[in-house]
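Just one chain follows, in the form predicted on its own, and it is written as structure tokens.
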Amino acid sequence: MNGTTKRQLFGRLGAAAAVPLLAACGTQPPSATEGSGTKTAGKQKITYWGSFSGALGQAEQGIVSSFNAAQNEVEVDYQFQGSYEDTAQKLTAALQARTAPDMSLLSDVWWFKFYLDKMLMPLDDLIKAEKVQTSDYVDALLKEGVRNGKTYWLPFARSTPLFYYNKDAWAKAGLPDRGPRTWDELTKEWYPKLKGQTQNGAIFAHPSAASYIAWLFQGVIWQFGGEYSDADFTIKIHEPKGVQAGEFYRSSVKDGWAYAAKDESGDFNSGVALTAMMSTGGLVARQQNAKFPVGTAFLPEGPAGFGCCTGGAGMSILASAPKERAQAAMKWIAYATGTAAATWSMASGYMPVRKSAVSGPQFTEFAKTNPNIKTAVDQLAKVRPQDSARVFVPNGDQIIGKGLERITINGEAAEPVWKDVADSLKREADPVVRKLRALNA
């Protein structure tokens, strides 16, 4: 998105430009006697904890301000809590201290923990009272927040990995303006034409565990016919196809076309790396900050074909929220994931979570002049939910991510690394399986 378009966008968001950027000031959790539950000028005041900073935080604050100005029933108090991990940890502490907010943004790897601990409210009656048409949500995204026929987590900032590439570098190498259809096309046909444009010869940047390499590798292991686990938490990462995928990542560094980056996004924006897999959620900022035209494409296919997962965050209401505040919270969620869905997507790069937003005139017109954002929407038809081992096993993302660091940074063989990872995942999965059995009993 260019600067003029962004200014026009925030103009449409109402008072966004005039509202202080809460995402940059680290608002503290409310005490038991302030924040939630009060009424301001006849409005029901509710507290919402968020996790976005910088441009994303500003965009979300703009939507909050627009909602507060558009109606006279509810006032949302938006409170930034830090990263997804920070938010989840603070929420755990707040629940213990009985100072929890009414609702919170929760990432794909965190909401399930609170569901298991019975801390999230079933949303179906609230959805019905608010007359939200759940059939309008993108099916694959809505289903991820449903357990035992009840909805606990509604999609908001949802994403997929994209293949990003430097269009100037592609043109200089004489390559077509598109992403590679397969990893072989990138590594065997295109890499020799591109490697002369980087200092170390590597063109592709692997992220660290802290930057969610396990999320990005989820699609890759599928592309090789493997998986982290099945839906019933049977761990499979160490099986032959998983080992083959791990060896692919090890060879990527050994063969010189990829490297383990400390900051893959910064390296891509500056031109140090010519390509990387990164979230669609950073698309708008990436286009603004890169020193070259940015291209996006579907993820390359592997020996077993295409593989790509969903990701990102959704909204939940805490089970501790009183009835009147819970219904007020649903009004905000309905607005943020419905009326404002297209606006949020255009401002952030995250995918519209409503079918009507995808096909609506606002997003359709925007996509004509911003084709990169359409890549994620088109790819969504081919994605699938992540394996249980990463999203539902405590610390699963980091257990797998640290294993990938051993492979890409230390150069360790995938088979023994994956055996260690599998053992850790099995230990962490056992209490989850027991809790699920108790909940389903």
Partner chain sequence: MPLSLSLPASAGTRERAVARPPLPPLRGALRERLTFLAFVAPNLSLLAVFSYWPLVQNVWLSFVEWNMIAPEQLWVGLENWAIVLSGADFRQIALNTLLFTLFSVGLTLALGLSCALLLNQPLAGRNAARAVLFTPTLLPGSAIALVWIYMLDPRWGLIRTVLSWVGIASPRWLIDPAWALPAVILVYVWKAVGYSVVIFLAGLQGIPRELYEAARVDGAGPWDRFRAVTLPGLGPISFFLLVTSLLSAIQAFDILRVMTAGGPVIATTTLVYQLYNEGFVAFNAGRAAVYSLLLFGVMLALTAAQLRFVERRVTYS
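Owing to the predicted nature of the structure, the values given are computational and were not obtained by experimental measurement. Residue numbers count along the first chain shown, from 1.
Missing here is the form predicted in complex with its partner chain; even so, the following discussion is about that form.
Only one of 376-384, 392-400, 64-72, 43-51 places residue heavy atoms within 4.5 angstroms of its partner chain in the model of the complex, namely 392-400. Against its partner chain in the model of the complex, the set 132, 158 and 301 makes no contact: no member has a heavy atom within 4.5 Å. In the model of the complex, at least one heavy atom of residue 110 sits within 4.5 Å of its partner chain.
Its partner chain is not shown here, but in the model of the complex it comes within 4.5 Å of a heavy atom of residue 260. A residue is said to contact a partner when one of its heavy atoms sits within 4.5 Å of a partner heavy atom; residue 117 meets this definition for its partner chain in the model of the complex. Contact check for residue 220: no non-hydrogen atom falls within 4.5 Å of its partner chain in the model of the complex.
Think of it this way: in the model of the complex, its partner chain has a heavy atom of just one of 270, 370, 182, 320 within 4.5 Å, and the residue is 270. Along 183-202, a single residue, 199, places a heavy atom within 4.5 Å of its partner chain in the model of the complex.
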